[in-house]
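Let's start with one chain on its own, the form predicted on its own, as structure tokens.
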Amino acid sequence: MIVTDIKPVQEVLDALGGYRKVFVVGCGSCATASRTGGEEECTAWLQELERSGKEPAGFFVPEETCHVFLLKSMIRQSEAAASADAFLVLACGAGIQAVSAATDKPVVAGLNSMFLGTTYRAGEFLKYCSLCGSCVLSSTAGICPVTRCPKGLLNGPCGGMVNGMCEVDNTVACVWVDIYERLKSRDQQKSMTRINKPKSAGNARHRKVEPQRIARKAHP
């Protein structure tokens, strides 16, 4: 799931600028689980908008805010949404852009997208994946060194590891030691002798990436 964090109130109000009538869009999946964009948070924002002198138009919480056609349908069927001057979106970046694609009204982000999280337990998330586009988990015992090693090393451990602890943060174990121990428990440690080549996706943030649509066939 995408873990999000709430933006500072004043930053959001500044972004809303002169828009008076504001409709809030939450998210029934990731942001609800993160406790940043569920019904409770949407209601709190309506109250904040009213305190700031704006006119809260209402809110809804789609099951999936990153679903463009769902949003188009919900906005079309909502008189309150249709009459709004702007939308305040409590969702990840994908959800914010989906709302923007579903309406011609201005859209303001209420959350910051932090990372792709693994749920440890309710309300607690682990940063285990960076969506790097070239997954190496099959050869690293299901532990991602790109995300969980502070240096993002594809081959390790580095020379700074001391007694199994990370040199960047000596309060945590070196992730490459964890990888080795897990591989060893499965008698697969020899796979660490293979050198992982630099990832071609490593420079993705420096190049222009065109939007893509991926259609998947339903299983029979």
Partner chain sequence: MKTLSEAIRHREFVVTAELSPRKGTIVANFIKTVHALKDKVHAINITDNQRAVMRMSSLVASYLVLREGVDPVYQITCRDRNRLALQSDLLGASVLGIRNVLALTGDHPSAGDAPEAKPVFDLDATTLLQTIGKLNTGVDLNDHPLKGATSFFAGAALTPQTSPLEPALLALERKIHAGAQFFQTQPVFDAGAFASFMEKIAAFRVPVMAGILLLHSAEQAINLNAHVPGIKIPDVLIKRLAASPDPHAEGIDIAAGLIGELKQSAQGVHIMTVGQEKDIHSILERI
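Predicted model only: the values in this text are computed from it and were never measured. Residue numbers count along the first chain shown, from 1.
Omitted here: the form predicted together with the partner chain. The next part is about that form.
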**OP:** Tell me, out of A33, M161, V68, L46, which residue has a non-hydrogen atom within 4.5 angstroms of the partner chain in the model of the complex.
**Re:** M161
**OP:** Can you work out whether the partner chain is within 4.5 angstroms of a heavy atom in all three of K7, R20 and G38 in the model of the complex?
**Re:** no
Original post:
Heavy atoms within 4.5 Å of the partner chain in the model of the complex: which stretch among 59 to 67, 22 to 30, 177 to 185, 46 to 54?
Top reply: 177 to 185
**OP:** Indicate whether the partner chain has at least one heavy atom within 4.5 Å of a heavy atom of L154 in the model of the complex.
**Re:** yes
Subject >> Any non-hydrogen atom of A173 within 4.5 angstroms of the partner chain in the model of the complex >> reply: no
Original post:
Are any of the heavy atoms in P150 no more than 4.5 Å from a heavy atom of the partner chain in the model of the complex?
Top reply: yes
